[in-house]
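One chain is shown next in structure tokens, namely the form predicted alone.
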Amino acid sequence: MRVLVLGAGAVGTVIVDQLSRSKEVERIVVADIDPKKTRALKRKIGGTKIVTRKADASKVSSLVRVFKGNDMVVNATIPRFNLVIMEACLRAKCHYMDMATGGPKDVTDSPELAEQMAYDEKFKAAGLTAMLSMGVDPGASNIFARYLANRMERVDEILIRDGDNSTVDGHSFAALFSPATLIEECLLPPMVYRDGRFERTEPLSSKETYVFPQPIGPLTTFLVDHEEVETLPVNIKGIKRCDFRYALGQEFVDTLKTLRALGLTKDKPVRVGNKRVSPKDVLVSLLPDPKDLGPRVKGYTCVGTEVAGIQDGRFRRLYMYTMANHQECYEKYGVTGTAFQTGVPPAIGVEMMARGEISRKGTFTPELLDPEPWPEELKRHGMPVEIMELA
């Protein structure tokens, strides 16, 4: 398979690294608007499979020229460009994959999941696959939900819980993945599913202590808007409750609230002198690049899905998760644990497509895949998966 990875950041680096070792992938094109990044990534990974191209993710015509001749495009950019890249894939006749979506559009000015799903018939007509939200969360978290749900006679709750006890030397405010995406997710009114209804709540308003597996332990978590809550209640029937929570430090939360109050998290451009600039773009440009944080991050990150329901005639609450040590990931792969966990599932998805193990056409999210091969595949790629029973 010939694969193009669009975006040479931390997650793109992991995807390229994983695919460079795959016997199913014969060529990898690394494309980015910044040629310095693609050249640096090629030097870092080495080997003969990788070629580099310059690409502007905001222009369909430019992307079509770069995409042609490839079998699949893995979108490792930000959700703002998802529809542009999907359109270019259709015109270039390439399969598509991304790790996250955007929206609500009236708040973020980025495409919503529903807009991506609306491409379903177009991709089916072209005989193409579009795997949406195939990172770790969303992504592996959706697959964990399906894996556990398949083992229960009745599913009552699906709760995604993301915990990280890391510190970043030299930075009191830093993001371990796209800062723009993190800010957007945390400050959107979070979608929750309760008693058969979707509703939105106030951002950063609901605290809950969640006990993550050791060596992380109890952390304060907050409701956050996330893709899983939009799709899991639709695709896994009978759920009464579904929500997503991040573990966030109080100082981080207070800083986000202050930035929001000052208007610095807004996308809409404002006039500065004789120019118009987006306040959020300025803020993001001042934050450290996640791919440069590897040697400074210490601690663990855990992503998991809690599923509660009836199994073998009794009520059970199970948590299926994967955990990574940031320092170990940096020593082995040169990235943080967060980037590593996000980049591995899409690489597996590419390999499974190349082997014909994923053949579904159209647009879909990960819980619609067969979950059975995934625990072993994740383990084979350095992401062990565990299941523990909760009280």
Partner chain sequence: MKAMVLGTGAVGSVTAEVLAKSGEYDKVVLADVNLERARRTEKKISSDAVTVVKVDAADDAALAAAIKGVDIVLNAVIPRFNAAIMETCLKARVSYGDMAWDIATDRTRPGEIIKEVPATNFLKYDDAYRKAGITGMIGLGCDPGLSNLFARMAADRMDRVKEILVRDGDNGTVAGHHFAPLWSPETLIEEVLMPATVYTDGAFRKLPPFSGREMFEFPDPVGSLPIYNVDHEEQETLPTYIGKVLGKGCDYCDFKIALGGEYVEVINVLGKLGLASTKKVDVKGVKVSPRDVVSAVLPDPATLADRAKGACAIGTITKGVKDGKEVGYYIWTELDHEQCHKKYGYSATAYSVGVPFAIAAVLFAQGKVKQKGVFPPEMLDPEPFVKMLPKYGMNCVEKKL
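For the two forms, the rigid core is made up of the largest set of C-alpha atoms that agree within 1.5 Å on superposition. Positions refer to the first chain, counted from 1. Every value quoted in this text rests on a predicted model; they were computed, and no experiment measured them.
The next section is about a form of this same protein that is not shown, the form predicted together with the partner chain.
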- Partner contact check in the model of the complex: of 273 to 281, 213 to 221, 195 to 203, 93 to 101, the stretch with a heavy atom within 4.5 Å of the partner chain is 273 to 281
- Is F173 a contact residue for the partner chain in the model of the complex, using a 4.5 Å heavy atom cut-off? yes
- Message: Check A114 for me: does it contact the partner chain in the model of the complex (non-hydrogen atoms, 4.5 angstroms)?
- Response: no
- Message: Contact with the partner chain in the model of the complex for L286, defined as at least one heavy atom pair within 4.5 Å: yes or no?
- Response: yes
- Could you confirm whether D254 comes within 4.5 Å of the partner chain in the model of the complex, counting heavy atoms only? yes
- Note on the structure: Checking A126, M152, L259, L318 against the partner chain in the model of the complex, the residue with a non-hydrogen atom inside 4.5 angstroms turns out to be L259
- Message: So the partner chain isn't shown here. In the model of the complex, which residue out of V168, L83, L188, L264 has a non-hydrogen atom within 4.5 Å of it?
- Response: L264
- Query: After fitting the rigid core, is the C-alpha of K268 off by 2 Å or more between this form and the one not shown?
  - Reply: yes
- Examine A180 after superposing the rigid core and state whether its CA is displaced by 2 Å or more between this form and the one not shown. yes
- Query: After the core is matched up, is the C-alpha of G313 off by 2 Å or more between this form and the one not shown?
  - Reply: no
